[in-house]
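Form predicted alone, single chain, as structure tokens, below.
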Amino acid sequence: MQLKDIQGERDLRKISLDKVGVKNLNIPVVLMDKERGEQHSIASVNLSVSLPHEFRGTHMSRFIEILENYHDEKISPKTLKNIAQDLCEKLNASKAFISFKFKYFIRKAAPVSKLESFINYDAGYEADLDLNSNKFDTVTSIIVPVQTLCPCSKEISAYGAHNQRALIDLKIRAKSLVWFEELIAMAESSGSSPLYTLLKRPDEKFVTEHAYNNPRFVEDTARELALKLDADARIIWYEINITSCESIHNHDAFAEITRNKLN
């Protein structure tokens, strides 16, 4: 017996919807890894398409079916484009939107002892496909925690200086692959000191003194990172949003930069 397609019924209200779909879908994923070839993680996924005014609804199960077809593939901009094309084709849509958010892990050696441990970063991809303009766009994102030490505090204090953790929220558009590891290295070198998971006492001494000898305002960190992104010819657009979780103030400090290098 053929069941009635309620979603496919004609709607007479003449209101198109920008996005309809599924969100907060947690799935295992395979990610590209610069050092090890691949790594496994869990992603929170949003999938959506545009809905013309004449359709009452979309077919939600098809989002899951399409995603299941790619469960063995490494997630990359190319994979996202293929998923977006399938979404448009199988859901009769002109636009598709995709978001993958996940933990990305690297092995990181302590600066003196060289002991290695895992450290994780919040990373992701966002992509959208517009068949009307034949345009596909992807944004790569990562949040990198660093230490910042206040230059003003160091200058005016008889000893010591206040320091804190800052979160560098970085998004880029690129014309070729930029590894997460490369973005992490750019971000970490822009603060006063990187963060580590495993530190022995000689490592802790080194990190503390390195930060003290490399003071950075949140503004300094944003500008240092912008210089590195400007120098990378692969990157055509970036957005930097840095929040300094202040240790001696009851508020945070922040700095933002957005640049389109093609303009």
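Just so you know, these numbers come straight off a predicted model, no measurement behind them. Quick note: we count residues from 1 along the sequence shown, nothing fancier.
Below: the form predicted together with a further copy of the same chain, not depicted.
*Asks:* Out of K135, R107, K78, K74, which one falls within 4.5 Å of a further copy of the same chain in the model of the complex, going by heavy atoms?
*Replies:* Contact with a further copy of the same chain in the model of the complex is made by R107 alone.
*Asks:* Please determine, with the chain shown alone, which of 81-89, 153-161, 126-134, 179-187 has non-hydrogen atoms within 4.5 Å of a further copy of the same chain in the model of the complex.
*Replies:* Single hit among the candidates: 153-161.
*Asks:* Taking heavy atoms only, is R234 within 4.5 angstroms of a further copy of the same chain in the model of the complex?
*Replies:* Looking in the model of the complex, residue contacts with a further copy of the same chain do not include R234, since no heavy atom lies within 4.5 Å.
*Asks:* Can M32 be called a contact residue for a further copy of the same chain in the model of the complex at 4.5 Å between heavy atoms?
*Replies:* M32 lies outside the contact set for a further copy of the same chain.
*Asks:* In the model of the complex, does I142 have a heavy atom within 4.5 Å of a further copy of the same chain?
*Replies:* I142: no, not in contact with a further copy of the same chain in the model of the complex.
*Asks:* Find out whether any non-hydrogen atom of N120 is located within 4.5 angstroms of a further copy of the same chain in the model of the complex, and reply yes or no.
*Replies:* Yes.
*Asks:* What residues, if any, in 237-263 have a non-hydrogen atom within 4.5 angstroms of a further copy of the same chain in the model of the complex?
*Replies:* If the 4.5 Å heavy-atom criterion is applied to a further copy of the same chain in the model of the complex, 237-263 yields N241, T243, C245, E246, S247, I248, H249, N250, H251, D252, A253, F254, A255, E256, I257, T258.
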